[in-house]
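Take a look at this single chain, the form predicted alone, given in structure tokens.
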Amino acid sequence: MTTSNVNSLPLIEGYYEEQIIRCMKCGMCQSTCPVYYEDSLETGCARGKLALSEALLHGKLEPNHKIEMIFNKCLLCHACAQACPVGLSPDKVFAAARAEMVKRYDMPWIKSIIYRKLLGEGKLSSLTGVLSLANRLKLFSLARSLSIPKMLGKSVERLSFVDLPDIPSRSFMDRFPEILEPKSKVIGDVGYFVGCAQNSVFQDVAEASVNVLLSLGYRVIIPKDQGCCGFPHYGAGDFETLKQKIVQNSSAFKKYKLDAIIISCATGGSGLKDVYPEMTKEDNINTLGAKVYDISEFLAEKHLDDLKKMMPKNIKEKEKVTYHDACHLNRLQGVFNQPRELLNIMPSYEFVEMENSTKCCGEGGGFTVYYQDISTSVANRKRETIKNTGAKVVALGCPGCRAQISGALKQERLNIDTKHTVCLLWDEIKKGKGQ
């Protein structure tokens, strides 16, 4: 029985005590953990963190900021869970441990602004115009050339290498109506979950997703009152804001009768598919009103033959494209073959598999800021595997991976583009239409 005392951790006790106790201490998680690969510290891998969790649970250790940082030193990539012979999900224990630490110490002010104000209150979309103007005026490039990010500290310096695409002056949801009708006969109603990054920065992904769905004949509904998926708050241990996001998004989507909810963000998708049921103890149909699909999953499983008919003809030259498996899409959603099936029907591209395509890129949300040396080393290894393919394009399904990998490629000035799979698909459909 759990020892209850002033040092106990209610969230760990309530949710995952069984997981902590069932750990066999076999160390299989070591071989797959990208953090342990870099620092070779027992506290870097799942076995070490679970042992720490057990000591906290039984009052043998007192929580403190050093322990908090150890729990934060995890990419939540789920690789340890995939390798565990008894089927544990250590990353969920660590998320609960982070939540307990937030309850005790709250968040640092910078994390509070990012997670509670920008993402929690939806303020990021209101900054779209500012980001767009700064990007068009090349202020980020100017700041880098003057070494301003370096002067402001390592964290800002790290973020400054993120390569931003052209950003429209208004957010995606401000530019598009709530309901979009296809030009052809309606074959169904789907909801589109936009996600923070695609609403503000990577709007090309949201546009391509919606346009492909309209081309197939779907009525696309983009509820205006949807918000952040809440996965960033889950990862940061801010469970209170996460619960608010679940309620908000449930209300936004359940008012429509939808055949499916489509999302084109790997992290957001894993939030809706994995975290929501974990928190609500209900499936997506009860929580959101319809089954949730990643865009590549939906298109490959439901419409691969329809899409083949939309592809351009007489393409003479092919460009090599490779694919990076985002952890939150591959491991947490089981989406592996579907993006490859889409890439293989595109006449303009020759798909080449990269070595270790499922290895994490090292982004992990705030991890890339707090543990930038490890994050950079992981990203650099991913860059080498991409270079070895000879590809000119890296397809992927996650905005975080896109920012991380494009930044790593940029540091070596490599002429290799990064694009979401659905953007490549929409480009092919436009070629097929003669646009």
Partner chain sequence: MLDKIKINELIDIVGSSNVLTDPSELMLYSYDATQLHRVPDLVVIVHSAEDIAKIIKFARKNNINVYPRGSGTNLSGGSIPADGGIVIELNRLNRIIDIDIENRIAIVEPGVIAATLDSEVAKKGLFYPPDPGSLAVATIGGCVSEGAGGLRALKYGTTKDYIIGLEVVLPNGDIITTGNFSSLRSSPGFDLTHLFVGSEGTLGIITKIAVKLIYPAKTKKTLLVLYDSVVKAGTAVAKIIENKIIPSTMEFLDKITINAVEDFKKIGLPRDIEALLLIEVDGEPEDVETSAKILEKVCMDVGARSISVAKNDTERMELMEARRAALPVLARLKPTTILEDATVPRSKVPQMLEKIHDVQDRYNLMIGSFGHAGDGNLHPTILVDRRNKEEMKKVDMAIKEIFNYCIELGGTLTGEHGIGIVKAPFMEKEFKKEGLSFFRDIKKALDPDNKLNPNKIVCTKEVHLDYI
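Model, not experiment: these values are computed from the prediction. Residue numbers count along the first chain shown, from 1.
Although not depicted, the form predicted in complex with its partner chain is the subject of the following passage.
- Only one of 189-197, 341-349, 288-296, 67-75 lies within 4.5 Å of its partner chain in the predicted complex by heavy atoms, and it is 67-75.
- Residue contact with its partner chain in the predicted complex: residue 55 places a heavy atom within 4.5 Å of it.
- Using a 4.5 angstroms threshold between heavy atoms, residue 17 counts as touching its partner chain in the predicted complex.
- In the predicted complex, its partner chain sits beyond 4.5 Å of every heavy atom of residue 383.
- Using a 4.5 Å cutoff between non-hydrogen atoms, residue 304 does not count as a contact of its partner chain in the predicted complex.
- Shown here without its partner chain, the chain has 39, 40, 41, 42, 43, 47, 48, 51, 52, 54, 55, 58, 60, 61, 66 in 37-66 lying with a heavy atom within 4.5 Å of that partner in the predicted complex.
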